[in-house]
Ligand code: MRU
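In the block that follows, a single chain appears as structure tokens, in the form predicted alone.
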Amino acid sequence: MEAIKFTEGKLILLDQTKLPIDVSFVECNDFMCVAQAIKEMKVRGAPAIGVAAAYGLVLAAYEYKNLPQKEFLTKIREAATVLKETRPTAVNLFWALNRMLKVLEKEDILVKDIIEKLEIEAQKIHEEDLAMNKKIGELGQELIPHDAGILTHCNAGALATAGFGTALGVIRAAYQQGKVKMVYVDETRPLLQGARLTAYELLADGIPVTLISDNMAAYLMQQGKINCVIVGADRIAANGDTANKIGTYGVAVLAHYHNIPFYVAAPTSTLDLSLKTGKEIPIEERNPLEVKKIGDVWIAPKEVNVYNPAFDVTPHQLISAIITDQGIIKPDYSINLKRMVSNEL
């Protein structure tokens, strides 16, 4: 399932706001189109946002290629700022753009060479994310018991990444090993990424899937149907506190109460060791209409007040392990995440 494709100087994005009813694509010829697609969640998921933004900077370079070098560099940095301002929580966005901007640090390099290097770097980010996802799946499936009932929240699959997925990457790898009995998918209000996207992906792969509403998770755990929970992440602080789609924290509390392992699957690009705890993670608040409406249909009084944070933070104490492309990290996260980054594990 390919949600992001860069070809012939254009970025083609699968419009995830229309799935699963309509499979259509957004064709971006300039960086503002990419910025709008990220903001409107036509492309979403922390790794996918980073990849799209990297290509967005390439499109900006194409757009400004005829400017004098000094002005060209200024415009590229301005475009990076616009892309960074689209969504505040997913750190992959900033990681990818900062990596792209390092290309500009070499002095006396011709504009045409900068453009070539930017495109090469964006392609590397894309390819590396796919490789990291596959490694996460390979490592993470070892944690999955045979005949497993797995609960996942939101969408951390091929649609949210360069391909294969983080949480769904683990599930896909475990399914290939014959370990998966059933995957239970929370619908994930208010934008229903679980219902619209995760269920769509798993069905396409022939993986056994059952959709549940968000308020059913506790009951399934009580019934013994869930053996483990696997979710993705948008940002992981130095102590292991993890920001993910709103509702994740509640699932983690339920899993803790029922003594069910709760796993976070994420590439190393999702780590933000500059933040000591999850309290420092910026949480995006989105349009109230996302809660008041489903599509074009009103489901709440038009005048009612709405609080609509897009993410919550799961404390590290509730996380059994963090599955990365560099290894499976267990507590003490403050120590072991730093060791992993330092290649000491």
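Please read these numbers as outputs of a predicted model, since none were measured by experiment. Note that residue numbering begins at 1 and tracks the sequence as displayed.
One more form of this protein should be noted, the form predicted in complex with this ligand, which is absent from this view; the next part is about it.
K.L.:
Given that this ligand is not shown alongside this chain, does residue 244 nevertheless sit within 4.5 Å of it in the predicted complex, heavy atom to heavy atom?
P.N.:
Yes.
K.L.:
Using the partner position in the predicted complex, report whether residue 193 sits within 4.5 Å of this ligand, counting heavy atoms only.
P.N.:
Residue 193: yes, in contact with this ligand in the predicted complex.
K.L.:
Using a 4.5 angstroms cut-off on non-hydrogen atoms, would residue 234 count as touching this ligand in the predicted complex?
P.N.:
Result yes; residue 234 sits at the interface with this ligand in the predicted complex.
K.L.:
Give a yes or no for residue 46: in the predicted complex, does one of its heavy atoms lie within 4.5 Å of a heavy atom belonging to this ligand?
P.N.:
Residue 46: yes, in contact with this ligand in the predicted complex.
K.L.:
Please tell me which of 41, 291, 35, 26 lies within 4.5 Å of this ligand in the predicted complex, judged by heavy atoms.
P.N.:
The residue from 41, 291, 35, 26 that makes the contact is 41.
K.L.:
If the cut-off is 4.5 angstroms on heavy atoms, which of these, 170, 154, 229, 96, is the one near this ligand in the predicted complex?
P.N.:
Of the listed residues, the single hit is 154.
K.L.:
Taking 55, 117 and 269 as a possible spot, do all three reach this ligand in the predicted complex with a heavy atom inside 4.5 Å?
P.N.:
Heavy-atom distance to this ligand in the predicted complex: none of the three under 4.5 Å.
K.L.:
Which among 178-186, 139-147, 160-168, 70-78 is in contact with this ligand in the predicted complex, heavy atoms within 4.5 angstroms?
P.N.:
Only one stretch qualifies here: 160-168.
K.L.:
Determine the residues of 283-315 with a heavy atom within 4.5 Å of this ligand in the predicted complex and present them in sequence order; the list may be empty.
P.N.:
Going through 283-315 in order - heavy atoms within 4.5 Å of this ligand in the predicted complex - there is one hit, 311.
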